[in-house]
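Next up: just one chain, as structure tokens, the form predicted alone.
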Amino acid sequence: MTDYDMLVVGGGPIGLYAAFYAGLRDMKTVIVDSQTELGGQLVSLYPEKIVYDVGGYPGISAYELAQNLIEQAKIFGPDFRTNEVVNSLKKGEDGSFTFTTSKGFQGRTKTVLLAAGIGIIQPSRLGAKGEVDYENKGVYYAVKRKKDFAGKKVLVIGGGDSAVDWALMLAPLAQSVTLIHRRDQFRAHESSVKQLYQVAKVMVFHELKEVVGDGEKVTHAIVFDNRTKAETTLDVDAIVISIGYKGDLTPIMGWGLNMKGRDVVVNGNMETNIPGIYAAGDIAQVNGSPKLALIATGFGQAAIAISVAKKYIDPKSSLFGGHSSEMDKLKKS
């Protein structure tokens, strides 16, 4: 059994930054993440999008930001365990926690930071005929690489920011882009919707009925007008279904945490109701404070959680570990 000072549940931007900051405080850390690739939503949902609200970057692609965070986290050599879920977490009489992952890995940790975002991410599916059969054979739930859609006839489904943004992003590369939405009202920004009508074919009050292919790839999509039920067959090479994602928090539900809906309730020190367990980022709700689901907010919360956790482990240590510019560890890396 491997011993750690901190277990970070979640390998998204907040978990990665937390691992780095824990390294600054000389804490041995392990990150456990359910996805096959570190980076969380930055990588799995919108890697090609530009992030504008992270300090120090006037604009940076989500994927590049994730890679930078990974490299930063690696400075202090934390353990990374991807494509795994923490199935069980038990507190011992000495105050430490024993945990087991879905791959049978067992570890012991003095503290835990929950940075799981919305949980294990699963795309929302339409349930149309042929949809599941052609997943990753022309049916996608995110645009991970724009170049994969170059020269293709693309159908985008959805009316939110992600759907509209992807349609706009692919329009210059694709042979054609058609977007269908079940209503005539969009949740996306008005300026984006206005631009959408200029670069793509937009079919409102339309839904997907069936995905048709040759067994290896998508060739057509059958859509229908939900007012008249009239059907239209579209010649397409790729279908991007963007109707949202679901987050599964089931693994942590049985840990005895105080939760408010899907959020873990914490105080200003990012402490949960269980001593030694902390939360930061999208999963955390600070009592008495507004919730801002921003990466920038999560970074600050992670720094607070790590600092408080360090003092929890070693009461003689200082809550504030000093400025990183003064630390020799970074220079030696």
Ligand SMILES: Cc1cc2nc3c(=O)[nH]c(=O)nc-3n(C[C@H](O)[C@H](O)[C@H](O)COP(=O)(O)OP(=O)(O)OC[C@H]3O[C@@H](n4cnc5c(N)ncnc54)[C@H](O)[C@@H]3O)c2cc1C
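Because the structure is predicted, anything quoted here is derived from the model rather than measured. Start at 1 with the first residue shown and count on from there.
Just so it is clear, the following notes concern the form predicted together with the ligand, a form of the same protein that is not shown.
Visitor: Heavy atoms within 4.5 Å of the ligand in the predicted bound form: does Ala18 have any?
Guide: No, Ala18 sits far enough from the ligand in the predicted bound form that none of its heavy atoms falls within 4.5 Å.
Visitor: Taking heavy atoms and a 4.5 Å cut-off, does Ala22 contact the ligand in the predicted bound form?
Guide: Ala22: no, not in contact with the ligand in the predicted bound form.
Visitor: Does Val132 reach the ligand in the predicted bound form if we count a contact as any heavy atom within 4.5 Å?
Guide: Contact check for Val132: no, nothing within 4.5 Å of the ligand in the predicted bound form.
Visitor: Using a 4.5 angstroms cut-off on non-hydrogen atoms, would Pro251 count as touching the ligand in the predicted bound form?
Guide: Result yes; Pro251 sits at the interface with the ligand in the predicted bound form.
Visitor: If contact means any heavy atom within 4.5 Å, which of 22-30, 275-283, 262-270, 304-312 contacts the ligand in the predicted bound form?
Guide: Looking at the partner contacts, the answer comes out as 275-283.
Visitor: Each of Val51, Val86 and Leu294 within 4.5 Å of the ligand in the predicted bound form, by any heavy atom, yes or no?
Guide: Checking in the predicted bound form: Val51, Val86 and Leu294 are all within 4.5 Å of the ligand.
Visitor: Considering Ile75, Ile120, Ala150, Val204, which brings a non-hydrogen atom within 4.5 Å of the ligand in the predicted bound form?
Guide: None of the others qualify; the residue that does is Ile120.
Visitor: Would you mind checking 1-30 for residues with a heavy atom within 4.5 Å of the ligand in the predicted bound form?
Guide: Heavy-atom contacts within 4.5 Å come from Val9, Gly10, Gly11, Gly12, Pro13, Ile14, Gly15.
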